[in-house]
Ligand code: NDP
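Okay, here we've got a single chain as structure tokens, the form predicted on its own, with questions on binding and movement later.
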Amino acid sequence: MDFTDKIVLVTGASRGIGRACARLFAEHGARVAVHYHANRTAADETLAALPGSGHRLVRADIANPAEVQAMVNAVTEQMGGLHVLVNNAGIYEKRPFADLSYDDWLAHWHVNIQTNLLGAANAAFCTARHMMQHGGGRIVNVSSRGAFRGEPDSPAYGAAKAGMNAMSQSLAKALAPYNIIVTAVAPGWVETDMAAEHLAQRGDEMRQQSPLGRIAQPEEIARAVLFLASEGTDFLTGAIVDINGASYLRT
């Protein structure tokens, strides 16, 4: 898994899974574009922790189509290309159905679809258009176990991630003639800042969902992403890889 001379854009790289992905790609020789939205301090920490040279920060609101396009253009123009996109940026908000007004419901769906689905779709489109003209590339989308199991406290999140899975498979078919390989990973609970509040409230319950008796570390997700982005995995295109410690099994 040698990524020397490869340029990798990791969205949502200021912390958690994105930070772990950025670090692992850099350790394997890639030049990494570290995307962030609002937390510049955390993004700077990610950038400073990357081995090698030639990495850079890129900022964009993933929910804003114009900013997504500008971000991809900046990477390709300033770094000299783009070989791998890791679509990791996303949000999770707990919104129990019984507690929602209709306006809350509408807002919940709007922000989740805009960020977790349309933002990823727009990043994939802009990246794929570049890759089509430069011999191909890899897109790895970070989905969720919730796309299959359901998310009763965040239904729009589950739906958006299910949409991401369908998008991944559709793009795998559409982009294969251009040597663009599209895959997805579907983690369960991962020990990240985004999960910290939930771990504090019901950590034992979350750990017991897996027969391993724990939840995943960000580095475990990053290793799967790195593998899917590597050469020699072409026939995995369209695959959705579960990384949930057997907490949810599907056939």
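When you see a residue number, it is the position in the sequence shown, counting from 1. In this text the structure is predicted, and so the values were computed from the model without any measurement.
Below, we refer to the form predicted together with this ligand, which is not included among the displayed structures.
Just one listed stretch, out of 222-230, 184-192, 23-31, 49-57, contacts this ligand in the predicted bound form at the 4.5 Å heavy atom level, and that stretch is 184-192. Interface membership of Thr115, defined by any non-hydrogen atom within 4.5 Å of this ligand in the predicted bound form, is confirmed.
Not displayed here, this ligand is approached by Asp61 to within 4.5 Å at the level of heavy atoms in the predicted bound form. The shortest heavy atom separation between Met79 and this ligand in the predicted bound form exceeds 4.5 Å. Taking the partner from elsewhere, Ala89 is found to have a heavy atom lying within 4.5 Å of this ligand in the predicted bound form.
Note on the partner interface in the predicted bound form: the residue among Val142, Ala160, Ala123, Ile139 having a heavy atom within 4.5 angstroms of this ligand is Val142.
Taking Leu212, Ala38, Ala66, Ala200 one by one, only a single residue has any non-hydrogen atom within 4.5 Å of this ligand in the predicted bound form, and it is Ala38.
Taking a 4.5 Å heavy atom cutoff to this ligand in the predicted bound form, none of the residues in 210-243 make contact.
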